[in-house]
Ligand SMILES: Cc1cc2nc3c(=O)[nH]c(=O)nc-3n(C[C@H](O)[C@H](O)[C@H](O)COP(=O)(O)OP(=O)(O)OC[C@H]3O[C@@H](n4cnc5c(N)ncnc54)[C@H](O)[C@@H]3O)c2cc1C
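Take a look at this one chain, the form predicted on its own, written out in structure tokens.
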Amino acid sequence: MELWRRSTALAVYSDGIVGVVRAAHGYINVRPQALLVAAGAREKSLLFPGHTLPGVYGAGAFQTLVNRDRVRPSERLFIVGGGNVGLITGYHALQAGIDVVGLIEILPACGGYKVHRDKLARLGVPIHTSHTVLSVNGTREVESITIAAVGPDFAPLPGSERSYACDTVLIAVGLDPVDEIYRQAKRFGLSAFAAGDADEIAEASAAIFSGRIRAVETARALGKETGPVPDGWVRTLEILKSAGGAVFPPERPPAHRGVLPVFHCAQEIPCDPCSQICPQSLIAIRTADIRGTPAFLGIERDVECTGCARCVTACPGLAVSLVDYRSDPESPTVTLPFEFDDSRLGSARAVTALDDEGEVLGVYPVLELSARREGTSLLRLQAPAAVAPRIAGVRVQPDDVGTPFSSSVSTIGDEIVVCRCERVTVREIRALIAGGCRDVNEIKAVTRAGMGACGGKTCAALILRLFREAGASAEEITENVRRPLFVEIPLGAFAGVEGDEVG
């Protein structure tokens, strides 16, 4: 097999040809026997005054800087969007030493897994549901954000406006599959397959199984003897793609003389590392598949937990703690997972303990912070027996980080830009819609919206949103004709011009 690095598929043509640009080779045509698209997803955008200010990031760019490049692009971050992407990125920001001022979600509850939401809340991040962004404010860069509560119709409620100081705003309001090449290939009758987010937006674990299944299907399309896709893979994929299920009230174990694990995950999600890691098999998921919540079996089996804490470090949601009553039943030791350096604890060596929802339980002394094991340290503190099982985390940023200004800030005279490439505003497009225009191609011809370098990948969805806001039905609207090339390259690549001469 030959691997082409630094190569880009540009388009699929009606005669079954796929155009590819290869580094040092220029443009070539390929006629594939089978085409597998695993190009991932692109982020959705959001319109509000100030959305083009430097310091407004998509989650992908922010995660690339923080996780891959080890760059800290912010001191004070505010997050818009309570899906898994926004919640997880907020946690990564805390790990990078960035204070997270707050997170807003327009729905009454965060759309991501509750365990990810609680992970932020029990570290001290304020979470505002049923809220929206009104504006991001600043002259040359982000200086603050103004938010407001919304009613049942998602309209901002007058008088609920609040502004917060921040230097970065993270937009995490969903993803769209990068599937243009796959859909074009299917349209032209190619043997084509899509895997991962290009097939369906889901968790990374689902993408792994999606890739396995599509690999077998692609091999069969190439005439390889692979046998059928195992039924277990298909079933596992459906489980991993499932959304969060029912939420149960937290179960607190009774006072005990030994060691008890406490599970702070109260939602049915596809996750089971804690049940796999216990050396005594004392943790079980009491459902037919891994979408249940865990339970400790030691009490009913009359078997003591050894306190090895492997379940604590194995849980990706940081949702397992250990309560050790052996030394002092009245003031037991609580062991928590801790994925930060000790600078987050301060010099006093006493921490503010929080429950699952982020409510303060008290300030308690730190007994020990262990060395990291598989990326996770163990933080041990001492607390009263009545409180210890409720402790789910500790505050890792100053108490006043999420305090709003005394009065809200408003952005004045900023026309919202829909097409960033051509600087086309909402006002221009709304005027055409109000005049009866229902064809996105006409809007493109009149305003140049969608003619920029990105090929309309961002503004096309925003223009459709403006149609919906104006009351136009989907049947009335003619969507824009997609460009024949889905990736932008210099024309010189087709002429065989190489290197710095291209363009």
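Values in this document were obtained by computation on a predicted structure and should not be read as measured data. A residue's number is simply how far along the shown sequence it sits, counting from 1.
Keep in mind that the form predicted together with this ligand is not shown, yet the notes after this line are about it.
Participant: Would you check, heavy atoms only and a 4.5 Å threshold, whether Gly196 touches this ligand in the model of the complex?
Facilitator: Looking in the model of the complex, residue contacts with this ligand include Gly196, since a heavy atom lies within 4.5 Å.
Participant: Just checking whether Gln63 would be counted as a contact of this ligand in the model of the complex - the rule being heavy atoms within 4.5 angstroms.
Facilitator: Taking the distances in the model of the complex, the answer for Gln63 is yes, it comes within 4.5 Å of this ligand.
Participant: Considering only heavy atoms, tell me if Ala204 and this ligand come within 4.5 Å of each other in the model of the complex.
Facilitator: So Ala204 counts as contacting this ligand.
Participant: Taking the shortest heavy atom distance, is Ala493 within 4.5 Å of this ligand in the model of the complex?
Facilitator: Taking the distances in the model of the complex, the answer for Ala493 is no, it never comes within 4.5 Å of this ligand.
Participant: Quick one: of Val142, Val409, Leu379, Val85, which gets a non-hydrogen atom within 4.5 angstroms of this ligand in the model of the complex?
Facilitator: Checking each option against this ligand in the model of the complex, the one that comes within 4.5 Å is Val85.
Participant: Exactly one residue in Gly455, Gly55, Gly26, Gly40 has a non-hydrogen atom within 4.5 Å of this ligand in the model of the complex; which is it?
Facilitator: The residue in contact is Gly40.
Participant: Should the three residues Ser130, Val417 and Leu464 be counted as contacting this ligand in the model of the complex, with contact defined as a heavy atom within 4.5 Å for each?
Facilitator: The answer is no: none of the three residues contacts the partner (heavy atom, 4.5 Å cut-off).
Participant: Where does this ligand sit in the model of the complex: which of 31-39, 46-54, 472-480, 437-445, heavy atoms within 4.5 Å?
Facilitator: In short, 31-39.
Participant: Go through 168-193 residue by residue and record those having a heavy atom within 4.5 Å of this ligand in the model of the complex; state none if no residue qualifies.
Facilitator: Read in sequence order, the residues that approach this ligand (within 4.5 Å, in the model of the complex) are Leu175, Ile181.
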